[in-house]
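Coming up is one lone chain in structure tokens, specifically the form predicted on its own.
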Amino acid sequence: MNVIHRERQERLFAAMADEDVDGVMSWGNAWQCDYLRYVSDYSVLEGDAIAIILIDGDLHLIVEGETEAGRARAKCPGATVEAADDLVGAARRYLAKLGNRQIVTAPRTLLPYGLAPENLDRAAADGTDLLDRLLMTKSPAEIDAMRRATEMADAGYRVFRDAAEPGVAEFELVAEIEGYFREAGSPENFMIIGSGGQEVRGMHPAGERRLREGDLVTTELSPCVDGYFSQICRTLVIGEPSRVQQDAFQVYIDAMKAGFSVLKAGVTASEVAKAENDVFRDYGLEEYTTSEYTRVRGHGLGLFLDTKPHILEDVDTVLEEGAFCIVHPNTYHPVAGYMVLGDAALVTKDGYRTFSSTPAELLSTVG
């Protein structure tokens, strides 16, 4: 058991004891396995998986197919691993053996219908809040992993900037970064990109468009270290930035600063979002804070790359000391096009700490 897993397990068992819980059942797949990994230290590669851990340390993993079961046995030698075609049925049969032990399930919104607490043949409760609290606040080893992931994101952006030249296709640029991250030891990276001018309304998976002089090239890099994602968002100009681009980007600089100015333990996600959005309102750009042009003003980071809390004005989740999130006022600008700027930060008692060293400014391939 590595240090991160040990810290997670100690915190999980302490939380279970505090709430008089005997066991936790979690679900995951290859796209989102943060709840599953927190409970079991297992990341599924194919299909779905269910982990049931008891407060005495007994871990039962249910996966789809013998190939995945072999991976699970190698990764979690102390667990009981079951390969099943019917995950729901297998989980229900195992739960029936636990008698009247108090079991909670998570995440509520993603569990199969047959495993929702109200559909089980035994008493069970929703444990999503319990796990969310653990997922949002990080232990010392988790913070160290996210520091290293942030430093890797900075290094990856330097590769991105060096490779961004006129004539290079979006997919070729992304391939450079993916290759760098794999060689550097990051098995996963979520990355989207945008390139062009005023006509560009957002970012997307890499396409065949080739970069041109004067383009804005936006990207979101999200490398993973020891299972933990960090992220950086930056806007790059191919060549010399125009006055229009520079003036437009000042809004994003001011908005990110405003978000960070209120970020500290005890504030809500809505307060951070409002601080960012108020800058756009002051510039007469209120329309571009709506869902028509932007999704969130930031979000949590950790075992999943886009996790709670989402930084929005209607999200009242309190940010506690030890939370890790990105503040990014990414949205469309009506004069210059889509622009992004964002740094990940650790929430502290009196403010925040960011591990990113990439300048928070409109960047250029010149100089």
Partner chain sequence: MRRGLLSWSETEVPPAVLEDRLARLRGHMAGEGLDALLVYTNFPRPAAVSYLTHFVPYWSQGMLIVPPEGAPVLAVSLSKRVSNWIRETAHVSEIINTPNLGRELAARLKSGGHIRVGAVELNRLPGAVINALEAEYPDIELTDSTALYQDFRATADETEIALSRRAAEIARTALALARPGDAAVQADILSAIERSARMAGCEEILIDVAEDLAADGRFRRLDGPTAFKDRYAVRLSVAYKGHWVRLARSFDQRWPEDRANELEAHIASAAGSADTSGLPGFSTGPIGLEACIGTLPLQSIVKPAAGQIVSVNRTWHDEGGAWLASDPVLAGPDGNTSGSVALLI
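This is a predicted model, so every value here is computed, not measured. Residue numbers count along the first chain shown, from 1.
The same protein also exists as the form predicted in complex with its partner chain; that form is not shown, yet it is the one meant from here on.
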query	finding
Non-hydrogen atom contact Asp85 with its partner chain in the predicted complex at 4.5 angstroms	yes
4.5 Å heavy atom contact, Tyr252 and its partner chain in the predicted complex	no
is_contact(Tyr38, its partner chain) in the predicted complex, heavy atom dist at most 4.5 Å	no
Residue contact check: Arg182 to its partner chain in the predicted complex, 4.5 Å heavy atom	yes
Single option in Ala106, Val174, Leu135, Ala164 placed near its partner chain in the predicted complex, where near means a heavy atom within 4.5 Å	Val174
Listed residue that, although its partner chain is not shown, lies within 4.5 Å of it in the predicted complex (heavy atoms), from Arg212, Arg73, Arg101, Arg147	Arg73
Which of 241 to 249, 113 to 121, 135 to 143, 277 to 285 sits within 4.5 Å of its partner chain in the predicted complex, heavy atom basis	113 to 121
Sequence-ordered list of residues in 38 to 56 near its partner chain in the predicted complex, where near means a heavy atom within 4.5 Å	Ser43, Val44, Leu45, Glu46, Gly47, Asp48
